[in-house]
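Presented below, as structure tokens, is a lone chain in the form predicted alone.
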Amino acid sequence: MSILVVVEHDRGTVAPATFEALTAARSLGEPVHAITLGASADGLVDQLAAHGAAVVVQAHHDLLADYGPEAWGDTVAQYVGHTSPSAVIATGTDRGNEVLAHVGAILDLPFVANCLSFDTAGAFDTAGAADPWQITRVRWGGSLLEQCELSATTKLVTMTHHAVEATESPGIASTESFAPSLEPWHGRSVVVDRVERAAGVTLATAPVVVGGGRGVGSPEAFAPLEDLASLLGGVVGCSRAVTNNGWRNHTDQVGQTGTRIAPDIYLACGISGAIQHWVGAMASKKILAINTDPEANMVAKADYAVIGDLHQVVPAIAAEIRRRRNA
């Protein structure tokens, strides 16, 4: 038996969440196989092997030249039908959830999305991985953790992004080729164009995020936050209230309907901490809340808090950083 990991990539650039899925798969104690979709991903073998993949299955077809949920889903389903792995694990991203939903529908198998952890003690029995898994998963945008049980000969799950810290387990992977049988209709939904963002640190990958909420007060008042983020090598984020007011672009929004972040530290300035925002920020390693309200939800959830006026605190932090660097 084996665990199959669906590799998420964009034209050969692997998504970091894939390494988290591989790390989770290794914990199950079964050989880990990874499946890549499209020839552009053929160069990922060494990276996947470094994170524990013993076998890399390379699926090739003209319709796999770029991402398409139907083509990717049917390809994975066909391979699962041929090999019957104990479980299939994908990334808990929009793309990973979409692909595995297709796989579950095609194979008539139950699918559990956005898992935080699973207990598989005794799960792999001689009958073919029929014993149930006890799973904790995220529901309702992160406001609820659900305990559930999954029973299936092949279990389909996605791991919530940032739920597992990706670690390496260097090895050498063998490769296999797989040619799925796809029809023209599998290409009904495919990526045909992209808008490239400017190079540099992004909100999703920044080690430091300085976030501003309604308490910032105006678009111009974000200047001190921009200054502090620049000093710390980070970027500025914001709450939904800020984008609703038109103070900043939606691409800066942290939250359930924005970007989910996982910086080393998140400085939440003037942010109340509504559940939708917390969903996007809760993977931060440390959170410092700056707020005049000691009862604010973000203050209660933060690792550290400064109860004060952000318009005084943020410039003071920036000034102290400059003083120490010039000392």
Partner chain sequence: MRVLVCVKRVPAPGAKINITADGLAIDTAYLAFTTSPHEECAVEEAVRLVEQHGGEATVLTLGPAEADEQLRYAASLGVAKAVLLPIVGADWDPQRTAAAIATAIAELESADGPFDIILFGNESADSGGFQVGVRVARSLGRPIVNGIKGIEVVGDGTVRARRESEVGLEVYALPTPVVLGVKEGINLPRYPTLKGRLGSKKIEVGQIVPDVAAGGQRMVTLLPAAEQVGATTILGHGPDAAAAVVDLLEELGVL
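Please read all numbers here as calculations on a predicted model, not as lab measurements. We call the rigid core whatever largest set of C-alpha positions still superposes within 1.5 Å between the two forms. Numbering follows the first chain given and starts at 1.
The form predicted in complex with the partner chain is left out here; the points below concern that form.
A heavy atom within 4.5 Å of the partner chain in the model of the complex is found for one listed residue only; from Gly104, Pro85, Pro180, Gly215, this is Gly104. Though the partner chain is absent from this view, in the model of the complex it lies within 4.5 Å of a heavy atom of just one residue from Ala65, Leu288, Ala50, Val55, which is Leu288. At the 4.5 Å threshold, heavy atoms of Leu28 stay clear of the partner chain in the model of the complex, well away from it.
Contact between Glu98 and the partner chain in the model of the complex is found at the 4.5 Å heavy atom cutoff. Shown alone here, Ser174 lies farther than 4.5 Å from the partner chain in the model of the complex, counting heavy atoms only. Contact annotation for Ser40: none of its heavy atoms lies within 4.5 Å of the partner chain in the model of the complex. The candidate stretches are 57-65, 29-37, 263-271, 42-50, and the one lying within 4.5 Å of the partner chain in the model of the complex by heavy atoms is 263-271. In sequence order, Asn297, Val299, Ala300, Lys301, Ala302, Asp303, Tyr304, Ala305, Val306, Ile307, Gly308, Gln312, Val313, Ala316, Ile317 are the residues of 296-317 having a heavy atom within 4.5 Å of the partner chain in the model of the complex; the partner itself is omitted from this view. Comparing the forms between this form and the one not shown, the C-alpha position of Pro110 differs by less than 2 angstroms, with the core used for superposition. In the core-superposed comparison between this form and the one not shown, the C-alpha atom of Met282 has shifted by at least 2 angstroms. Gly234: CA moves 2 Å or more between this form and the one not shown after rigid-core fitting.
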